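Just the one chain here, laid out as structure tokens, in the form predicted on its own.
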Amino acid sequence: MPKYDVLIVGGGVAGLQAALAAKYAGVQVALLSKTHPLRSHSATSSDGLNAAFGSDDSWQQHAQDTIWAGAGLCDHAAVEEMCRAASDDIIRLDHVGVPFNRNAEGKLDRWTLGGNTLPRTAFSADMTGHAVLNTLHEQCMREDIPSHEEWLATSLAVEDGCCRGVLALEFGTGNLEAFSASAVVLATGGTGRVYAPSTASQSCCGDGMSLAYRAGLSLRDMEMVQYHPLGFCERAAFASEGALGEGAVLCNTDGQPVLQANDQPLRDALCRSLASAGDGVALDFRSLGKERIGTRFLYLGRAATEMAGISLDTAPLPVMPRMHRVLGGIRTDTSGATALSGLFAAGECASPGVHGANALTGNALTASVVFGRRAGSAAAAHASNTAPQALTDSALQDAQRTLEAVFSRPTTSGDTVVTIQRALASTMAEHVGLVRDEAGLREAVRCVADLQARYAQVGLRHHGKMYNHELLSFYELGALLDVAGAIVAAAQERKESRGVHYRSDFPATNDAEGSYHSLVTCGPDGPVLTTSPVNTGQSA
């Protein structure tokens, strides 16, 4: 049984930041990830990282923009913590080798993304997430941090009211094993595959959210599902919103601008505007001139050229809103601590309260960097003050019996993991998408319950243990169903429109009754929803 002081589950930006912070604190730390870290979804974060640089900006202004975007649901202490720390964290990334773009003076170049009142987004061409991810991975290798790759955490090991580690499945052998740790940090990323179409990578299945949910923890603000306005029509990819800030224009089929010049609304308003414009919306660079496209916009056009087969100097890039991320997640404080002793969370699977009802463009990667570091440091401090305890064998034995029961299920019904997952994604997109109403949400409740019943009976057609991808998909589907149930329950309860949550039957924002965080926990008969107040006070 592997034993560590701190175990990081997830190898994206938040997980790598947490691992490095724990290592620098002097504890024994290891990574456990279902993909190689360089294949994590963090690599697709193209826009950049927000932070206040220079005399024309301040962390207070950054915080004000963030709170305005969050539409009344941001916890102010979390926003303050992120905005205060962002510039120092980005400078540290610069110092360890992230190749940020520079301006003519050699300083960090910045562009203005939607909702930001000033240019404060540091970027590395159109591959900021990829650049940050590679640099942090190099630093983890430099620090000799052990990395268990192609392992899926299937459950938390909870004993005596504390998280003592995780149970995990190794893809290469199909064996379950217990990993003992004094502290665990969940940094498993988002849950985009609960929708289709989306911008999500194959690994975005809500694994960490489900682990916490099944352990009795609350998922916060799960109804807040953000769409990306510049999704490719035929691929699960998207163009950088930096294109809009630099002068590209969104046009309809008649070539008329959908937006006024220099107008960059928040993503929720922009996505609904594009949806109402119908088919044929495209991102047009041609007015900028071929020379400018070939220099300043080379990196903005690479994805279009390679994936969509379009040259930006001759044709516009067709785009459409695609589901991008769930803004909620595991309820944490600003140090990443959850309500379960020994368990921390950071990144897209966590909700410290910084995004509220709408994430300010450019804040997502910043939040992963800042709160990933904070979670790693807090987990290390917890481990340093916790006497190590060996796990008992009972949890692992129970998990092995459950796995054997899954393999013993018949496959005569014709139902498969794939058909259930596709039905779930289409149900969520149709009934819990950009625009929602009571009738659609009720239908979503019925459909998700039906899919959960089918999931409880579905058998596996492949019984081999080595690299059984159907088994991996089975575990991922269970997580997606958990998350879907939480999203639907929270969306049905919020009878107003706020931020990215828009209900056509309740189109107005109701500050008298809607200024709350939704909290969904796992009950014996399904999701149980409660609320908590929004913290509008500052940190100490």
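In this text the structure is predicted, and so the values were computed from the model without any measurement. Numbering starts at 1 and runs along the sequence shown.
The form predicted together with a small molecule exists for this protein as well; it is not shown, and the discussion that follows is about that form.
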* Asked: Exactly one stretch in 426-434, 320-328, 139-147, 172-180 has heavy atoms within 4.5 Å of the small molecule in the predicted complex; which is it?
  -> 320-328
* Partner proximity in the predicted complex: residue 75 to the small molecule, non-hydrogen atom cutoff 4.5 Å -> no
* To do: Decide whether residue 151 counts as a contact residue for the small molecule in the predicted complex under a heavy atom distance cut-off of 4.5 Å.
  => yes
* Closest heavy atom of residue 238 to the small molecule in the predicted complex, within 4.5 Å or not? -> yes
* Asked: According to a 4.5 angstroms non-hydrogen atom cut-off, is residue 44 in contact with the small molecule in the predicted complex?
  -> yes
* Asked: Heavy atom within 4.5 Å of the small molecule in the predicted complex: which of 187, 370, 222, 354?
  -> 187
* Structure fact -> Checked 458, 163, 82, 364 for heavy atoms within 4.5 Å of the small molecule in the predicted complex; positive is 364
